[in-house]
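Coming up is one lone chain in structure tokens, specifically the form predicted on its own.
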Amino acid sequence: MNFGLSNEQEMVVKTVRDFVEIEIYPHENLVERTGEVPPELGAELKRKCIELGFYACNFPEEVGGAGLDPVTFTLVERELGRGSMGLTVFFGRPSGILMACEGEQRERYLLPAVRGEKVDALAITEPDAGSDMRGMKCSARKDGSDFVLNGTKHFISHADVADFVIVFAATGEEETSKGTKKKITAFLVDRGTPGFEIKKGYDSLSHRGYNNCILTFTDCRLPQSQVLGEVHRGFDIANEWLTGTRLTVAATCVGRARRAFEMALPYAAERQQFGRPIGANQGVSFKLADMITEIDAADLLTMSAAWRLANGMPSTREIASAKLYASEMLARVTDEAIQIFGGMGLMDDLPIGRFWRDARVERIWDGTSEIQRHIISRDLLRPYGA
């Protein structure tokens, strides 16, 4: 693995970081205070991202995306992690699972999403089924040539601004060596479809402005053409296309941790107590040493996993390791940053307290820390038949 960045990657990093610092930072206090992003601001951020040529940069050139490889795209996500998610969501990274679209679906969903004409949201989690995807109760039964969808989804990020959602539902059962399991199918469901309602979600501690929603389906009738991929194969396409989302979490955690560190370091060098900078005290200087060591370690884990993914190598365990370590690292680094700033670290005048609150969800969504440890340990023990 080459640890140096190419000239193109250096340019990408600078362009995205400049965008975040110029276009995102100035609006963060507004979003933090109100919990909302004004629609006109979101539209403006999307327009500027499209002008930069970065919208849907995670999609191949053949469908209109920028065609960034996994390593370069991970660098993009790392820089976006520095900013408020309520605002960076408009930088436009549609769900990669849309590459499973076929035929007319490409014209109705995939291509408009890549061009920024439509926004998608991914609907998997339910009140009684989070990490256990096979335990979902939302179901779709066959009725003639249609499917009738019933059930509830919650914690669905940015569904409030989505034009359509990608919904996973149980469509049958199968017997396996581990007992009866549900067959899962993915559906494309347009906003405004009869029987489909998008409701305001919960007030969240983390990532204000990046809203979650509750989706309800009541006898929501969908034609066969709305099936994404194959019937009963939703679990397969989820595994194929959604693994990279954990890499995204790891990358954004690294970016946010670096921003917190870059604020804490000069403060420790300039803040005077007892006649000298607080950074001159081992109690603070050692914190800085531990913080940068953990950030660099998480960064290397994340980029190594991205490199393996880009080179077609097995990367599931490595991605899980990166997500696990980076998300838990962010919690420790932001906590130490608050400690260095002291009382000011808790005040709304600085974003440090927000970084600390935002960090908490990273160990939960896209697979909890416990799920990541399960993935890692299962991969290690499998060759031994355990």
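In this text, residue numbers run from 1 along the sequence as written. Small disclaimer: the values here were computed from a predicted structure and weren't measured.
The protein also exists as the form predicted in complex with a small molecule; that form is not presented, and the subsequent description refers to it.
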{"item": "Single option in A123, A305, I184, A251 placed near the small molecule in the model of the complex, where near means a heavy atom within 4.5 Å", "value": "A123"}
{"item": "Of S157, T72, T243, T171, the one that lies within 4.5 Å of the small molecule in the model of the complex (heavy atoms)", "value": "S157"}
{"item": "4.5 Å heavy atom contact, G96 to the small molecule in the model of the complex", "value": "no"}
{"item": "Contact of D18 with the small molecule in the model of the complex (heavy atom, 4.5 Å)", "value": "no"}
{"item": "4.5 Å heavy atom contact, D366 to the small molecule in the model of the complex", "value": "yes"}
{"item": "Contact flag, E10 vs the small molecule in the model of the complex, heavy atom cut 4.5 Å", "value": "no"}
{"item": "Stretch from 97-105, 263-271, 217-225, 148-156 whose residues place a heavy atom within 4.5 Å of the small molecule in the model of the complex", "value": "148-156"}
{"item": "Site test, G92, L111 and D163 vs the small molecule in the model of the complex, non-hydrogen atom cutoff 4.5 Å", "value": "no"}
